[in-house]
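We begin with a single chain expressed as C-alpha cells, specifically the form predicted on its own.
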Amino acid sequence: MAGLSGLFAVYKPPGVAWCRVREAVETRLLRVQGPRFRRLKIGVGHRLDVKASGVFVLGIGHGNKLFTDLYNCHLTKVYTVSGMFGKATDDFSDTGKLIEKTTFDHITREKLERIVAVIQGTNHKALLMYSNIDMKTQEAYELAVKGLIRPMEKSPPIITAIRCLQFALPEFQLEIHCLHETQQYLRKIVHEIGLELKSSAVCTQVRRTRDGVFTLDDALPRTQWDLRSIQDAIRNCRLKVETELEKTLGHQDNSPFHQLDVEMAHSTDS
C-alpha cells in the first residue's frame, strides 16, 4: 500500500460523469493489484459536471483526509470558458433547447472587455466583503501581494479574475479564476454577458485548467490511469500540496502530512 496514499489529478473528458471516472480508476487498480487492494478507497475533490472537462483531483486511502484541509484553504480554480454569440438556450449550453436567436454583428472585443471589467470589479468587492479583512492594514496589503485574499468560510461563487483570451465573432473564449463556483454558474456568466451586450450567448465549453495546486500538467490522461503513473503523480504532487497547506493554514507540528505518515506506517506494520 506504500505510495498509494495521497492526492493526484486525472483529466476528466467531457461527456463523462465524474463518478464514472472514479470507478474507472478504481477498477484498473483493483484489476492489476488483486486481493491486497480490495479495501482501496478513492475519494473525490471538487467535482466536474458531465459536460465539463479538465483537472479532477482524486484521493487514495489516508490521502482522503487531506481534502478537508484543502477545502479550508479556499484555493482558486481556473477555467477556460468558450462561448458563442447569437442564440440563447434553456440551460445556457450550446446543446440546450433553443429559446431565441439574436444578431451579434454590433459586438466588438472592446465592448466585451468592458463587460468583463465590470464583472471583475463587482466580484472584487464581494471578495473583500467575504474575506473579512480591513483593507487599510499592513496585513491586508501583504495578503494582497501574495494573492492570499480569499474568503475563509463558505461564500457565494466569486470570480477573482476574468479576461478575454480569444475573440472571433461569433465565438469568444474567457479565462476565469473563481471560488465556490459550479460549472453551471460559469455557463450562466456567458449567458449574462450576451444579454449585457444586447444579444445572447451560449456556452460551448467549460474546461478546468487548475484546481488549487493541481494543473493540467499534473492531470493524468486515461492512458495513464495505472498503478505506476498514479504512484508517481502522488509523489510529484505531495510537496506542493504540503507547501500550500503550511502557507495557508500555518505550520503545525501536528500537520496532516505528519498524521498521514504515522497512519501509513501503522498500516504497513499491520
Partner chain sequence: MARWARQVSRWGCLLSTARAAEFPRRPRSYGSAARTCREFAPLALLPPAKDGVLWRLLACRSVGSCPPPDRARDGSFSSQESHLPSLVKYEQAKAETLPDLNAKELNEDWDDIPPSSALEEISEEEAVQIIAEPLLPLHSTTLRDYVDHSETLAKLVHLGVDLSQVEKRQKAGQLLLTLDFEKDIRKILLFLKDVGVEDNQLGPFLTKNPYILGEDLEALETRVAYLKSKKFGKSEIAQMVSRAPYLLLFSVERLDNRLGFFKNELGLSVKKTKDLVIRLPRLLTGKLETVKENLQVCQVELGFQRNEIQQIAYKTPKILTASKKRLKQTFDYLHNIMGIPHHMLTRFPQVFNSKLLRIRERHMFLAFLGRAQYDPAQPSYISLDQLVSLPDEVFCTEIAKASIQDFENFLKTL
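All figures in this text were calculated on a predicted structure; none of them were measured in a lab. Residue numbers count along the first chain shown, from 1.
In what follows, reference is made to the form predicted in complex with the partner chain, a form of this protein that is not presented.
Colleague: With the partner removed from view, which of 40 to 48, 236 to 244, 211 to 219, 65 to 73 is the stretch that lies within 4.5 Å of the partner chain in the predicted complex, judged by heavy atom distances?
Modeller: So the stretch in question is 211 to 219.
Colleague: At 4.5 Å between heavy atoms, is residue 11 in contact with the partner chain in the predicted complex?
Modeller: Looking in the predicted complex, residue contacts with the partner chain include residue 11, since a heavy atom lies within 4.5 Å.
Colleague: Is it the case that residue 231, even though its partner is missing from this view, gets within 4.5 Å of the partner chain in the predicted complex, heavy atoms only?
Modeller: The answer is no: residue 231 has no heavy atom within 4.5 Å of the partner chain.
Colleague: How about residue 224: is it within 4.5 Å of the partner chain in the predicted complex, going by heavy atoms?
Modeller: Yes, residue 224 sits close enough to the partner chain in the predicted complex that at least one of its heavy atoms falls within 4.5 Å.
Colleague: With the partner left out here, which residues of 188 to 214 have a non-hydrogen atom within 4.5 Å of the partner chain in the predicted complex?
Modeller: Heavy-atom contacts within 4.5 Å come from 205, 207.
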